[in-house]
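Quick setup: one chain, the form predicted alone, written in C-alpha cells, and binding and motion questions come after.
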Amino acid sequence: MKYSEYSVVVIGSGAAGLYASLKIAQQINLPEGVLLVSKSVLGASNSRYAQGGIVGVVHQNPDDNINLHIKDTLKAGAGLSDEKVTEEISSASDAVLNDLITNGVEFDKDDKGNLTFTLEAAHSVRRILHSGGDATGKGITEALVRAVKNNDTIQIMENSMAVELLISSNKECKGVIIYNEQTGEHEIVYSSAVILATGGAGQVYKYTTNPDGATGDGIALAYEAGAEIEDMEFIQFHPTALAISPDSKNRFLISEAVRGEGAKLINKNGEEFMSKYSDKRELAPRDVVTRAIFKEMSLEKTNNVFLNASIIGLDKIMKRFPTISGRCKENGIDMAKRPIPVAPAAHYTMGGIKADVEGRTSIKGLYAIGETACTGLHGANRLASNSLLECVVCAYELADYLSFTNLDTPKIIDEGIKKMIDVYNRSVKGKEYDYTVLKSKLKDIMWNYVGIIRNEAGLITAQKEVEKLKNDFKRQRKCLNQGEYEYRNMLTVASIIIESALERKESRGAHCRSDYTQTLPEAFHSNIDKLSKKGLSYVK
C-alpha cells in the first residue's frame, strides 16, 4: 500500500470536520499540513440537512444569557447533561458564532440588519439563529467548504473512508487506514492527531432523517480501537419527519422551528392532542412529543399523524421555511393549506465516543468531535439546535488545544501496527456480500425492537438476531467495498446500542422502556469498551 504523512488527519466533512480543519490550518504552523477525508463529496453530512438553526447565546440578543441556556439544556437532558461542559460550550458560543460569520457564514437578519432569532421546543427564549430561512446547516457547511478549499494547508480526499485506526502497542493512535471507493485501493496515513468527525448512526434504523452515510463509522472505529463509548442507548427520534408512505425510509425532516412558529399536531380527525401529554404541548421536549405521536399512531392504527402549519400564514411560511415548503410541494402538499403527514424517525445519536470539549478521547492522539462524540452536553435528550453549536465550539476548542501540542508525525511504527497493516496487504477471500439486503435486515431489527419504546424481551431478541448477522458476515477487518465496511460498522454500533439499552433498567429521556417505566433517583452514564466491556459512572 502507498502511504503518506500529515500533521493532522480529520475524518468527516460535516460542520465539525470542516471547521476543525479550517481553524487548525488558520491557527497552527503545521510541518505536514491537514488531511481532510470525506466519505462522499466535501460537505455531505448530517450537518448539511440541519434546518431549524444553531443555538446562539450572543450579546446581540438581550433576552438571553448563559444561565438561561444552561438551565434549558440541563432540563432537557433529564439528569445526564454535564453542567460544566454545558457552561463551557454556552460561554464560547458568542465568540465562535462571530468567528463563523468572519469565515463567511451568513445568518438571517431583519430589515435593520440585526440577527433574527426563532424559538424551538424546550427553549425558554428565542435564541436560535438560522440561515436561508430553514437551511441553516446548508448555509454553514457551504461557507466552510468554500473556506477550506481556499486554504492551501488543507489537503482534501473525497470518496474515501477510514476503515481502521493505527493503534500502537502502548495504546496511542498513530494514524489511520483509508479506503478509496473509486479506486478500490487502501492507503496508510500516519499522523500524531486523528480527529473523528464522522457524524451519527441514524442509518441503523429503518426510518431516519439521516443521509445514507450516517452509518456510525467513527464510533465503530473507536470502539474496535479500544476507546471508551458512552450512553449509546440514547437515540433521539425526531417527532416530525415527512411520512408520505410507509415505504419512504429516509424521511425528510420537518423542523421543530415549524412548531416553534405555531404549527399544531393533529390526528386523522383533525383534533389537536398534545395537551393530553404535556402542558407545553407542541413545544415539549422531543422525547415527549415523539412518544405522544407514537401513542396516537398506535391508538388509531395509522402510519402517521399530521402537522397543521396553515395557521402560520403563507408569507411567513415562504420566508422562514422555503426548503420545507418546497419539499412538501414536490409531494403534492401545500403546507399553507393542507396538514403535513408526519411520523417519528431516528434523528440524532446522543451517545458516542467519550470525549471532552477539546475532543480528547481515552486514546492518546485520537480525538472526537460533533455527533460522533459524547461530551456530556446532550445528556439523555438533546435540546434542539444544540448539536450544531457543539460541533463548532468543540472544533474551535480542539484547534486551540492542538496549537499547544507536538504535531510531528510518528517516525517509528511498532510491530503491532505492522501486523495491522499486513492484513490490508492481503486479498479478501469470498464473494461480495449483498450489503443492501443485509443493511435492510439490520435496520428492521433495530426499528422493531430497539426503537421508541423498548423492553427486555425485544432487546434480547434484537441482540440474538444481530449476533446471527455478525456471525454470518465473515469480514471482521478488510472488506471488498464501502458498502461492506458500512455494514460492518453498523453491526458494531447496533450491538453497542442494544447492550447499553439492556443495561439501563429505567426510562430516562429518549430511552423509554415499557418494563421499567420509572426514572431512577440516581443518574448514571453507561460506559462500554472492547476490553473491559461495560460499566456505569454516576453523575455527581
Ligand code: FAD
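Nothing here was measured: the structure is a model prediction, and the numbers come from that model. Residue indices: 1-based, along the sequence shown.
The next section is about a form of this same protein that is not shown, the form predicted together with this ligand.
Enquirer: Spell out, yes or no, whether the shortest heavy atom distance between residue 69 and this ligand in the model of the complex is within 4.5 Å.
Expert: Because no heavy atom of residue 69 falls inside 4.5 Å of this ligand in the model of the complex, the answer is no.
Enquirer: Evaluate residue 231 for contact with this ligand in the model of the complex, applying a 4.5 angstroms cut-off between non-hydrogen atoms, and reply yes or no.
Expert: Judged by the heavy-atom cut-off of 4.5 Å, residue 231 is well away from this ligand in the model of the complex.
Enquirer: Wondering, does residue 498 line up within 4.5 Å of this ligand in the model of the complex on heavy atoms?
Expert: Residue 498 lies outside the contact set for this ligand.
Enquirer: So, residue 78 and this ligand: in the model of the complex, are they within 4.5 Å at any heavy atom pair?
Expert: So residue 78 does not count as contacting this ligand.
Enquirer: Only one of these stretches, 344-352, 81-89, 427-435, 450-458, has heavy atoms within 4.5 Å of this ligand in the model of the complex; which one is it?
Expert: It is the stretch 344-352.
Enquirer: Can you pick the one in 305, 366, 263, 391 that has a heavy atom within 4.5 Å of this ligand in the model of the complex?
Expert: If I apply the 4.5 Å criterion carefully, the residue I get is 391.
Enquirer: Identify, from the list 491, 57, 44, 512, the residue with a heavy atom within 4.5 Å of this ligand in the model of the complex.
Expert: After the contact test, the surviving option is 44.
Enquirer: Which of the residues spanning 37-74 lie within 4.5 Å of this ligand in the model of the complex, based on heavy atoms?
Expert: Contacts from 37-74: 37, 38, 39, 40, 44, 45, 46, 47, 49, 50, 51, 52, 53.
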